[in-house]
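A lone chain, given as structure tokens: the form predicted alone.
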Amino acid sequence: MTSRDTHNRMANAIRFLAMDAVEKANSGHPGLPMGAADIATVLFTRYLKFDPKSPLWPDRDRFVLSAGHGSMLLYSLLYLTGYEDMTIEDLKQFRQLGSKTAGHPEYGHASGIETTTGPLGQGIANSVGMAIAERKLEEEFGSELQSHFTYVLCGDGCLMEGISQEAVALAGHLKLNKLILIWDNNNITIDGPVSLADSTDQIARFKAVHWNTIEIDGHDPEQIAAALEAARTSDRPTFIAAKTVIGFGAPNKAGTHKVHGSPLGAEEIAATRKALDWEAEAFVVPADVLDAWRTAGKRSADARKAWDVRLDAVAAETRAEFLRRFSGDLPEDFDAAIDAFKKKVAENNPTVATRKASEDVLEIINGLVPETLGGSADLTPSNNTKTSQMKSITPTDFSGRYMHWGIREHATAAAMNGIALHGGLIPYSGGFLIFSDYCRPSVRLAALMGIRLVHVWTHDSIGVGEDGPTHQPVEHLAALRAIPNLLLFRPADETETAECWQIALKEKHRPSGLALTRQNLAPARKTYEEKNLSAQGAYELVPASDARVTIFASGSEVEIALKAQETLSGKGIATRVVSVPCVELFFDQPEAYQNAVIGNSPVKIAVEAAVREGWDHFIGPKGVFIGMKSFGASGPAKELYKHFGITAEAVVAAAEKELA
């Protein structure tokens, strides 16, 4: 056991690295690292299972700093415990352009950063996904290969954000007993005391959603250790309310909002050094303290080696499958299965809604790719996300592959991020496209991190019909296309739907969303084509030499474009149709390809039951857009399309007007 004096010096190393880095950057949040240093020291030196020499060890414990503004706590820990890609020079470059030590932890910048946390509450919800993944993989591969904890450190702000309630309620329901949430209960926000805005009894709140709760002094290492011991043996997730002093050790600013988000200043830092008896200069950790931390960093090396032995001892087939899953590679026959499905579709040419087409594709995928973890935010019959292989996961049985997320779009999206970050599983889940607004912060973070997951967003237009404008997405396609590194697919038929799913699952470093219809669509592609045409983002569906009109469309409006093309061609007006299933992939294509697809027709028309934003790249600012300029209305889908002028007749009239 570490002596109290040694503990204090190790915790103070975190405090001074944090305050010195923030001071040098003249930007940052020193208060949380100083206040939570005792908690972090006990956790990392006595309980957390990790190996800096093998940072991606699949059975490591996950540590999530949900209160990401306190990032210097994490960066200090990574340096002190011996992660090779976190040096003292990196700490000196805190918050500087191009450094690993960004203002908030960013996944992929350095080993040991498990997720990107900035928006408060996201880390809590990410951790629920990580705990789900651990529980699911333990059920599948056994505790020999998967048996670890997920620890989260959150602040008052994380608990105020609404996403936290969705996430912790789900975790309590699922009895995720290897999830341990530590609350840095310092009672301070940027504005001042928490009491300015909140008086929630957090203990009562967590008890109400079936968590184990413990209250401790967050500066007493033995109370911290006892709480962690109890949490590790609980049959429920555990909430540890650790009472702390923000900016602990700073004589004049500790316990106030002045230390939350601003540098302490040279005078206060000097006073803190004196108060905590720390004589080392800025960014210098005394040799004995650094040695103690580096020893702590090696604490789990034997456990990791023992895990390696267990992995080698399992059946060769199991070992290969486990390693394949964590490498992110798909089964070898994945492409062949999609190709066979496309051939079958070309033989039958079904008229189906793309949400049903997606279900048909998932029936193939889920039978072949065992790592898919499906789900829906209480819209399973509408999203068509559950296939024959998908038994429901329940609090007492994690052998299934289907998550009932409940009406929790915020937490669903963030937990999916956590599942993807954990590794070994590929999450997808359904919702209505209109509610992608609720998912947006998590979708944005998934794109920022570059992780693989799939959102199945159905009811993608005014084709929803009678539910009316509250449920009819108008601006959502444009809004989602505006997110960098997100692939948004809007397939026109069953063939394109299969191709879009194929791309989404093969893309390891970009999240995807599929915008799918409620209404049935006639097939746009009636013959088999081996090449995945949707992978080009946009392609010529109906060619025409010396075309005078080119019609661009996505999803359900491709059917309208094809009808208009037939009418225009019948009138002797050469007309091309370009299907645009994924704008982002089109922008990835060489300029020559883009120019060829856009073409030189004097008249360019885009058709989409949404707003115009984004389509000028195809049609130019003077091109014709047939779509929405307002919110929708309540009524049958066909009547709505006619009411808003999104019809083949409207396209033909617009083309003829432009040509006149």
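The structure displayed is predicted, hence computed values, not measured ones. One rule holds for the numbers: they count along the sequence shown, beginning at 1.
Beyond what is shown, the protein has a form predicted in complex with another copy of the chain; the following relates to that form.
Considering non-hydrogen atoms and a 4.5 Å limit, which listed residue (Pro590, Gly142, Pro543, Pro381) is close to another copy of the chain in the model of the complex? So the residue touching another copy of the chain in the model of the complex, by this definition, is Pro381.
Report the residue, out of Glu321, Asp339, Glu363, Asp198, that has at least one non-hydrogen atom within 4.5 angstroms of another copy of the chain in the model of the complex. Selected option: Asp198.
Would Glu409 count as touching another copy of the chain in the model of the complex under a 4.5 Å heavy atom rule? Because a heavy atom of Glu409 falls inside 4.5 Å of another copy of the chain in the model of the complex, the answer is yes.
Although the partner isn't part of this model, could you tell me whether Asp460 comes within 4.5 Å of another copy of the chain in the model of the complex, counting any heavy atom of the residue? Taking the distances in the model of the complex, the answer for Asp460 is no, it never comes within 4.5 Å of another copy of the chain.
Taking heavy atoms and a 4.5 Å cut-off, does Glu499 contact another copy of the chain in the model of the complex? It does not: once another copy of the chain is placed as it appears in the model of the complex, Glu499 has no heavy atom within 4.5 Å of it.
Another copy of the chain contact in the model of the complex: Glu639, any heavy atom under 4.5 Å: Result yes; Glu639 sits at the interface with another copy of the chain in the model of the complex.
Region of this chain that lies against another copy of the chain in the model of the complex, out of 126 to 134, 420 to 428, 372 to 380, 297 to 305 [heavy atom, 4.5 Å]: That would be stretch 372 to 380.
Looking at another copy of the chain in the model of the complex, which residues in 115 to 151 have at least one heavy atom within 4.5 Å of it? Those in contact are Thr116, Thr117, Gly118, Pro119, Leu120, Gln122.
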